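Shown below, as structure tokens, is a lone chain in the form predicted alone; questions about how it binds or moves come after it.
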């Protein structure tokens, strides 16, 4: 593994779009880094100016030049752009850098192969809830990334939510299918519960609020108590009560098996497109 790394003086975010911009916002809001420690780039000069003005950071139109000024390089770009961007910056990347790739279905091995030398690479899978600082990010180190690199990556992504570390990269497709796609599954559940509320007479806006807050509250109970979801479910389910009848309908409809199958199917798809 690569040697230790000092705390980064500058972070370069290649692609200050939705997720890249969210990271910048989180880092600044939580004072993890000062604006003069963050630099960014986008595809267009006009957008670069807009990003610089919005966040108060320096922006570049040349990715290679930006890398020369940074310690940590975050590739907040789409998978189809990864090879081209790595080609642009590879002559400037050294073992003293830390590269963090957010490109879905893109292995650390692919990034390492395109770069010269033993470059520390970490693969990160954040989800869209990072937009409201309630994200879930999983970090997976490449062969040259050490403990200190992971701690730096953890500090960065903790600014927008929870962080877990996974050392088995073959499981990152499952992570993509569960937490990466997870918000979409939650939206369907919330929408369906709200429709149920409307069916029994609740105003739609109220029904949506009740459904969303109930899911949020249940999720926080799991995370903050550390209790198994089944135990928490049982604490709500009184004998011969209302909840039991509702649960029986959910089970009859196959919700448990359907959600399991959704994660399994999405994992298969992620494996198909991985490179």
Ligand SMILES: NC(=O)c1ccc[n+]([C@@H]2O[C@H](COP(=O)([O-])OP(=O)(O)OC[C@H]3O[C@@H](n4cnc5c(N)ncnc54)[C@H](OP(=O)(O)O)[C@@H]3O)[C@@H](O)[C@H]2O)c1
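All values derive from a computational prediction rather than experimental measurement. Numbering follows the first chain given and starts at 1.
Omitted here: the form predicted in complex with the named molecule. The next part is about that form.
Visitor: Which of 161, 182, 79, 146 has a heavy atom within 4.5 Å of the named molecule in the model of the complex?
Guide: Selected option: 79.
Visitor: Though the named molecule is not shown, can you say which of 29, 34, 43, 49 has a heavy atom within 4.5 Å of it in the model of the complex?
Guide: Residue within 4.5 Å of the partner: 43.
Visitor: At 4.5 Å between heavy atoms, only one of the stretches 70-78, 110-118, 165-173, 91-99 reaches the named molecule in the model of the complex; which one is it?
Guide: Among the candidates, contact is made by 70-78.
Visitor: Taking heavy atoms and a 4.5 Å cut-off, does residue 128 contact the named molecule in the model of the complex?
Guide: Yes.
Visitor: Is the gap between residue 23 and the named molecule in the model of the complex 4.5 Å or less for some heavy atom pair?
Guide: So residue 23 does not count as contacting the named molecule.
Visitor: Within 4.5 Å, heavy atoms only: does residue 63 come near the named molecule in the model of the complex?
Guide: Taking the distances in the model of the complex, the answer for residue 63 is yes, it comes within 4.5 Å of the named molecule.
Visitor: May I ask you to check whether residue 104 falls inside a 4.5 Å heavy atom distance of the named molecule in the model of the complex?
Guide: Residue 104 belongs to the contact set for the named molecule.
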